[in-house]
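Before any questions on how it binds or moves, here is one chain, the form predicted alone, in structure tokens.
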């Protein structure tokens, strides 16, 4: 067959596959939004969920998801940052580095339900932390670390070597060069990775069923005492997240408007994840352009 004809056929196949993938994605997102957006209103977002009567909302579930996300990032980001800097700047090509990279790859391939069962056995049972936001955050840290570490490492490796050489030639130590030159230069990529991993954490359900729990007890949003069980900031209270709430409504709910609650919750979840993804792209490009203009 003529090379040009072969190239046209291959190009056509690639475009067809890409179009099919995009079409499936648009169909799924569109279906969820078309069915769920009409059920979203201010009352739905700010009212407490109901177990038996109609008219419940997702106030606590939405807050729990955001609180769990913030706590997970507080735990996982420093660890991932340190691991990324070590792998990109200090690690030598030897068997120890190979073990670290293999461990990261294995951890990233674990199903979330396995991470949840591990968290249930270790955190909930052995360490007696119970079903709590903190247990869920630690479990999601294991789930989030591989993606975040690889992203930070790749962002640091993408910085041109001349940047580091310039810092060393000016008499800066390796640490000063990394913290003052390389990390700021890699900041757009690091921030993009953090936001993208946030979207992944926000939509996680399986790992949280076994760690954060499936109940959403009433909490006081005026009580700022972090040690009070009724406080919304208490990390040791059980917390049903939005993703877990969707699963629970579809499997166990007996409310008359279960379908509307499920559709509206799914639409809110999709909208938040889209905001994370589009926001990551926008913020990363904005910081990159700002840094480029300042040079």
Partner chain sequence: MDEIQRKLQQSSKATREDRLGRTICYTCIGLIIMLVTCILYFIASKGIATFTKDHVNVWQFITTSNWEPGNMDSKGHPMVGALPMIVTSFSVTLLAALVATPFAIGVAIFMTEISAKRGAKLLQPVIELLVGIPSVVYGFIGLSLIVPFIRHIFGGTGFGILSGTLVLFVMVLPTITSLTVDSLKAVPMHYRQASLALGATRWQTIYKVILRAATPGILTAIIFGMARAFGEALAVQMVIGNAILMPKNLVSPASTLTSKLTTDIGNTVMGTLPNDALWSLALILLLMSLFFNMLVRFIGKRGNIKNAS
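Worth saying up front: this structure is predicted, and the values here are computed from it rather than measured. Residue numbers count along the first chain shown, from 1. We call the rigid core whatever largest set of C-alpha positions still superposes within 1.5 Å between the two forms.
The following text describes the form predicted in complex with the partner chain, which does not appear among the structures shown.
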Does residue 281 make contact with the partner chain in the model of the complex, using a 4.5 Å heavy atom cut-off? yes
Would you classify residue 112 as touching the partner chain in the model of the complex, given a 4.5 Å non-hydrogen atom cut-off? yes
Considering only heavy atoms, tell me if residue 11 and the partner chain come within 4.5 Å of each other in the model of the complex. yes
Might residue 167 be said to contact the partner chain in the model of the complex, defining contact as any heavy atom within 4.5 Å? no
Is the partner chain in the model of the complex close enough to 40, 224 and 232 that every residue in that trio has a heavy atom within 4.5 angstroms of it? no
Give me the residue from 195, 73, 182, 133 that has a heavy atom within 4.5 Å of the partner chain in the model of the complex. 195
Scan 69-108 and write down, in order along the chain, each residue with a heavy atom lying within 4.5 Å of the partner chain in the model of the complex. 78, 79, 82, 83, 85, 86, 87, 90, 98, 100, 101, 102, 103, 104, 105, 106, 107, 108
Relative to the superposed rigid core, does residue 270 relocate between this form and the one not shown - that is, does its Cα move 2 Å or more? yes
